[in-house]
Structures are given as structure tokens and as C-alpha cells.
Ligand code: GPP
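A single chain, nothing else alongside it, follows as C-alpha cells in the form predicted on its own.
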Amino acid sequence: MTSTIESPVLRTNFEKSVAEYWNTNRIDPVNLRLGEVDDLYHHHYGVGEPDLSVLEGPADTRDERIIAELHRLESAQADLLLDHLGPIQPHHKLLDGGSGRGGTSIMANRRFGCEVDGVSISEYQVGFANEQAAKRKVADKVRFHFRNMLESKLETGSRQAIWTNETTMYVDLQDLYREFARLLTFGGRYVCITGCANDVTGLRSKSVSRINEHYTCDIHPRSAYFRALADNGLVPINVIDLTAATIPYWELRAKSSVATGIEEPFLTAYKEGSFHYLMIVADRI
């Protein structure tokens, strides 16, 4: 009789350092403060044209107005991602790869009525997200797991759609898309929103390096995504450059109380063209 040794969730020193960063960075001045607006907590940035009238009016409530607008923009980003998942039905199952505090998963269930599993290597994030699902009385359909998205332990061919929302810079893309190809049903949909480096100038950019250092991540060049997708039977059907759409979010955030100092490197990198904010929509063949 043979026994299978289950691999640990955190398999490398890099994964351990990423998990430690997100486990200890609990008092996040950005996502927690924005989530307090309507109790929906994201772990990404925003897109769209902001309402700059929030900068006007009484000074004592100015920051509160900015916070609400930033949250509207980050929810708009999640809605844009969900718009591209295809014709999801209530009986389908979805996967949120690197699910953060769970906001996008909760929005997906609210929109489609289907089951959603989220996986994260941060035990803190998993606990937070499960508490949110329970609070909203959707824990029977929205579940978060302390697992590695490179080895999700979910059933082969069980997912109609998978998304990653600003999480791919923490993993090897070949390993990731091999796992996603295993999980997706034939014709299933994968949507990725990510920051990626310009292949010519990005990896030499000081601003991109500062972003890497700030978030303990490893930003991939743009071409690496398309190479890894093709190698694993995931065919892009739509590619949207969201760089211009996210710059206003960063400009507004720089004027708020939740600014962390990383706004300048993001804005510099986007405007100099060394960094792109991309949405890739791909189908499993």
C-alpha cells in the first residue's frame, strides 16, 4: 500500500515571503478603507473616468468623497472583468485565482447566482473573505480556501470560468496556465487583469522595480503572458489595454489620505510606457 504525500501550500521561499507580506499587512490603508464604503472588500485597483467634483465642496468631507469615488472605480474594474467571463449560468462553477479579501467572488455570485471558489496563499485573506461570505449569507456558494493556485486541488474540468485579478505577478505563468487548462472545461473562459512590463523598456525601469519591491512581486513582461497561454491551450480572443483607463484612479488616489507613496511609480511607469495595465480574455481549446 502506498501513501500520497500532500505538497504544502507554500512550496518556495518566495511564496512564503509573499504570504508573510499579505498576512502581516492587515491594516491596509487602501483596500480596507475603501471597502468600508459598502462592506465589499477588493484587492485591486480601479478603472474609469472619476467624478472630479469630489474634490470640490466642504473640506472636512473631501477625503470621504474621494474614498467613495476610489471604491466606485475599483468595483467598476471588477464589473468589467465579470463582463468578459461569457454566458455564465447558475449551475456553473467559477474560480478566483488569488482571491484576496473576496470582493470579486462575492460580486460574481451576486451577478450569476453560481458557485465560486477562491484560493489564496494568505491565511488571513482566506479567513477575512470567508467571514464576508458568511456575513452576506452566501457561504454555501462562495468559498475561500488556503491553497496554492498552482495546485488548487479542484476537480479536473470543473470550471466554466477562471479569473486572476492582479495576482499573476506572484507565480510562474507556465505552471499557472497548466493548472488552469486542467481545471477549465472545453471552451471555458479565462480572464486576466494584470500589470505587465514593456518587453523593451519595462525591465530596466526604476519605477517598475519600485513596484516590484513594494509588493514583493515579480512583474512579468507582456510577451510572457501570450507565450504561456499558447503553450497551455488558452487562446486569447480579446486583449484590452486598460492603461489609460487606470491612470485617473492613481491620480485621484494620490490626493487622498490612503496614498502610500507608490502612486508616483505607478503613474510614472504608465505614462512613460514601461508598464501596461492589461486585460486578456482567453478560451480553453
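Don't overthink the numbering: it's just position in the shown sequence, from 1. Because the structure is predicted, anything quoted here is derived from the model rather than measured.
The next section is about a form of this same protein that is not shown, the form predicted together with geranyl diphosphate.
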| query | finding |
| --- | --- |
| Candidate from 256, 31, 243, 232 lying within 4.5 Å of geranyl diphosphate in the predicted complex - any heavy atom | 31 |
| Selected contact from 169, 107, 191, 88, since only one has a non-hydrogen atom within 4.5 angstroms of geranyl diphosphate in the predicted complex | 169 |
| Contact label in the predicted complex: residue 211 to geranyl diphosphate, heavy atom within 4.5 Å | yes |
| Geranyl diphosphate contact in the predicted complex: residue 215, any heavy atom under 4.5 Å | yes |
| Geranyl diphosphate contact at residue 222 in the predicted complex, heavy atom, 4.5 Å | no |
| Geranyl diphosphate contact in the predicted complex: residue 44, any heavy atom under 4.5 Å | yes |
| Heavy atom of each of 22, 195 and 275 within 4.5 Å of geranyl diphosphate in the predicted complex | yes |
| Proximity to geranyl diphosphate in the predicted complex (heavy atom, within 4.5 Å), stretch among 49 to 57, 35 to 43, 62 to 70, 233 to 241 | 35 to 43 |
